[in-house]
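Coming up is one lone chain in structure tokens, specifically the form predicted on its own.
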């Protein structure tokens, strides 16, 4: 099984190729990034998210860190997307390159190791999910649901993915649902406000989400709508599993929640909504009390 979302950002010579996720499912088009400013614009306009943001950062450091430090690049990235922990990524690069390891080799090791860790996590998660697994998910976790499906089938478990549309960018509809159908994986699409009814009817028996930030206490910040799913899952006694990366010993409430422009709430409607009142925080916070188990990259 293949999906461009498994590795949405690639390096080609001295340029970065970024899959334009805002154009999926209508076309698979790549943006050619030739300098740091172009990388920052791609990031700000949400052309890539999650894993794509991480890869974009690492490749930017590999290409342009001779004129600007890792931490300065991290600050620039954080200014565009404040909720994601780019400063931590900069620390990883600085620590590894301080061992006299070439930045190109550090990035290469990271990209390979990260993908292997995701495959291993999918294997661990498959082992604890019920059979059959009727999995509710929100947004997109960059190809990892394909890995999870393969692992579930390997151990003889049946699986069906229930995909929330994920307003307002519709990442669930345009990315997750598209990716699953492209690989002939059993799935169904729902409106975000249908989750409670499906849980009540017993049509969902587990929830799997991503996590853009995580703490060592088991709290997470993720795409807006994650918190409500966690509260519902707790009420209906359904296990809730977020997939986490690099947890930090911080207060989850101290994380800056990115507020997107109000007009983005109307992005799929015709008309000028620049002066219209709307609120669109990109992320929300879920405390550990509503989480069954965080699935980290390495355990």
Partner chain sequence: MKIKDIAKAILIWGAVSEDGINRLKEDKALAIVPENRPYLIGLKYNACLLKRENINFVYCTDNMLGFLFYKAKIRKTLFFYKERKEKGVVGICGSLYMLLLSKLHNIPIEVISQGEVNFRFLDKDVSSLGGKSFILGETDKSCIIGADDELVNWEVLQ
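Positions refer to the first chain, counted from 1. On a predicted model such as this, the values are computed, not experimentally measured, just so you know.
One more form of this protein should be noted, the form predicted in complex with its partner chain, which is absent from this view; the next part is about it.
Undergrad: Please state whether every one of the three residues 162, 266 and 279 places a non-hydrogen atom within 4.5 angstroms of its partner chain in the predicted complex.
TA: So, yes: the whole triplet contacts its partner chain.
Undergrad: So in the predicted complex, does any heavy atom of residue 273 sit within 4.5 Å of its partner chain?
TA: Yes, residue 273 is a contact residue.
Undergrad: Within a 4.5 Å heavy atom cut-off, is residue 178 in contact with its partner chain in the predicted complex?
TA: Looking in the predicted complex, residue contacts with its partner chain include residue 178, since a heavy atom lies within 4.5 Å.
Undergrad: Can you check whether residue 166 is within 4.5 Å of its partner chain in the predicted complex, heavy atom basis?
TA: Contact check for residue 166: yes, within 4.5 Å of its partner chain in the predicted complex.
Undergrad: Residue-level contact is defined here as any heavy atom of the residue lying within 4.5 Å of its partner chain in the predicted complex; does residue 228 satisfy this criterion?
TA: Yes - in the predicted complex, heavy atoms of residue 228 and its partner chain come within 4.5 Å of each other.
Undergrad: Can you say which of 196-204, 75-83, 116-124, 144-152 gets within 4.5 Å of its partner chain in the predicted complex, counting heavy atoms only?
TA: One stretch meets the cut-off, namely 196-204.
Undergrad: Looking at 190, 103, 111, 129, which is the one with a non-hydrogen atom within 4.5 Å of its partner chain in the predicted complex?
TA: Going through each option in turn, the one that passes is 190.
Undergrad: Just one of 29, 37, 253, 32 has a heavy atom within 4.5 Å of its partner chain in the predicted complex. Which one?
TA: None of the others qualify; the residue that does is 253.
Undergrad: Along 90-110, which positions have a non-hydrogen atom within 4.5 Å of its partner chain in the predicted complex?
TA: If the 4.5 Å heavy-atom criterion is applied to its partner chain in the predicted complex, 90-110 yields nothing.
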